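Just the one chain here, the form predicted on its own, laid out as structure tokens.
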Amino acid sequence: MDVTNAIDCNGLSAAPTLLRIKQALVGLVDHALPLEILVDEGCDQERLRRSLGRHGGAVRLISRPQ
């Protein structure tokens, strides 16, 4: 999996991660989806996806073991 264009949210709490994702989705064209987001291993990915509402399917949350 190539995650070189992923947005790195490692070390961020849920609120700044959500904000960063929403900012990145503004103006993003459909063919650039899904947007890859790097999150901490302990991130509650399902909760974050629910918080994105209808945009939850537009992101791929990726965590790597430390």
Partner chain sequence: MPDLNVDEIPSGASVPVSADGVSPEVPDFAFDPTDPWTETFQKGLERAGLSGKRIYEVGIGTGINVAFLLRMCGAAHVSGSDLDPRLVVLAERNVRSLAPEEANLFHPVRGEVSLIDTEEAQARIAETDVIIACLPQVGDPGDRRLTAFRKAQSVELPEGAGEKADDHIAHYYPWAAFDEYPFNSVGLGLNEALLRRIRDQAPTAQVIMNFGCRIGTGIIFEMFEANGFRPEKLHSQIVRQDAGTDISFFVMLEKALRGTGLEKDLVCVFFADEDAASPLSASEAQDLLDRDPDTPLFHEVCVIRAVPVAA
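Predicted, not measured: the structure shown is a model, and the values here were computed from it. Residue numbers count along the first chain shown, from 1. Rigid core here is just the name for the largest C-alpha set that superposes within 1.5 Å across the two forms.
The discussion below concerns the form predicted together with the partner chain, not included here.
Q: So in the model of the complex, does any heavy atom of G11 sit within 4.5 Å of the partner chain?
A: The answer is yes: G11 has a heavy atom within 4.5 Å of the partner chain.
Q: Looking at the partner-bound form in the model of the complex, is V29 within 4.5 Å of the partner chain by any heavy atom?
A: Close contact is absent here: in the model of the complex, V29 is far from the partner chain, nothing within 4.5 Å, heavy atoms only.
Q: Might P16 be said to contact the partner chain in the model of the complex, defining contact as any heavy atom within 4.5 Å?
A: P16: contacts the partner chain in the model of the complex.
Q: Considering only heavy atoms, tell me if S51 and the partner chain come within 4.5 Å of each other in the model of the complex.
A: Residue-level check for S51: yes, a contact with the partner chain.
Q: Classify I21 as shifted (yes) or not shifted (no) between this form and the one not shown, where shifted means its C-alpha moves by 2 Å or more with the rigid core superposed.
A: Shift of 2 Å or more: no.
Q: Is G53 displaced by at least 2 Å at its C-alpha between this form and the one not shown when the rigid core is overlaid?
A: No, its C-alpha moves less than 2 Å.
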